[in-house]
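The chain below stands alone and is given in structure tokens; this is the form predicted on its own.
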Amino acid sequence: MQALRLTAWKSDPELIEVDEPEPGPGEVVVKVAGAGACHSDLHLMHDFTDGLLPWGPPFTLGHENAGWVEAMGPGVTGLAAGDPVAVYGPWGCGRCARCRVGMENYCERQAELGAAGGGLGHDGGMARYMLVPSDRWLVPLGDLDPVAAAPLTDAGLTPYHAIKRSLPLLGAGSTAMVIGAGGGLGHMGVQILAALTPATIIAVDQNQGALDRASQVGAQHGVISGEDAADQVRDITKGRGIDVCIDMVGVDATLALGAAVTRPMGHLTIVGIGGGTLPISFFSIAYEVSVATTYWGTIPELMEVVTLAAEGRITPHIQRFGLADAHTAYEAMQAGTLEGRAVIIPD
């Protein structure tokens, strides 16, 4: 079968012929319906070098996956061939205290494992079949279309986790801001805020089309990023500021915007890995503002995201690409012309 593989850091991926996987004890082979193309894949291709991570190429890309159970190894129970499933992305040890409660995104032994998950050291879903080493990483999809559901595993789960930790601040009369509202994670973040909270939602993006789409899925206000963005946000909030800022970009300018408008005791959560920095001093942010980074989400949270999608309360906006055209998806992502999430369909 053909697979889109990263063969070395600082290189573009290549379509390479590889053997179809066979499941061993406890393992499951998933026939891939779709694999989301994530902006972090661009960082894998262009920004990482040997020694930066405790794992590296070669591996098949695709850490955002859904499909159907194809084959199971000895010891796998509760699944049947043909079952539609989402693949949980961050693979932990399964034995530490955090993994035991489903928080494999924060596995205490991650550095020892030699890979972070499928498409992140292990072979991912940009191929016809994907080997999943444990059935605990599979979440049933029910009647959801696996192609459309693939982005739920990252573009849905990551903002869900970031927002859920701030729910106590997002009651009636509160305001939340999503920076990078037009991207794969951003457009899901707006929908999740609208589904879970009564907060007023401000979408920020450099593209007016992205703001228009955000308004269609729950944002009450749109702000073009730029020098006067902070003033516009203050006007919208009547000088009060933002209770929760979710920065899906993470460059210097977006971090500065978040710091400028997050109100005392608010949350500034950095999800995007744009490489920016946020200088912190006593007077650089409002009093008791909590600044945090987050990484993915938990297995129970992925189940909740799937439930929201099954109820029709969140819907990934996707563009479909064949495996041979995956490079086109990444080029559009790099150029900022991609709308929503690109999903690579192996067949």
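Remember, predicted model here, so these are calculated numbers, not experimental data. Numbers follow the displayed sequence, beginning with 1.
The same protein also exists as the form predicted in complex with a small molecule; that form is not shown, yet it is the one meant from here on.
Proximity to the small molecule in the model of the complex holds for all of I179, V251 and T254, with the criterion being a heavy atom within 4.5 Å. Segments offered: 133 to 141, 264 to 272, 93 to 101, 214 to 222. Contacting the small molecule in the model of the complex at heavy atom distances within 4.5 Å is 264 to 272.
Taking the partner from the other structure, the small molecule in the model of the complex has a heavy atom within 4.5 Å of a heavy atom of C38. Residue contact with the small molecule in the model of the complex: Q191 places no heavy atom within 4.5 Å of it. Taking the partner from elsewhere, W296 is found to have a heavy atom lying within 4.5 Å of the small molecule in the model of the complex. The small molecule is not shown here, but in the model of the complex it comes within 4.5 Å of a heavy atom of L185.
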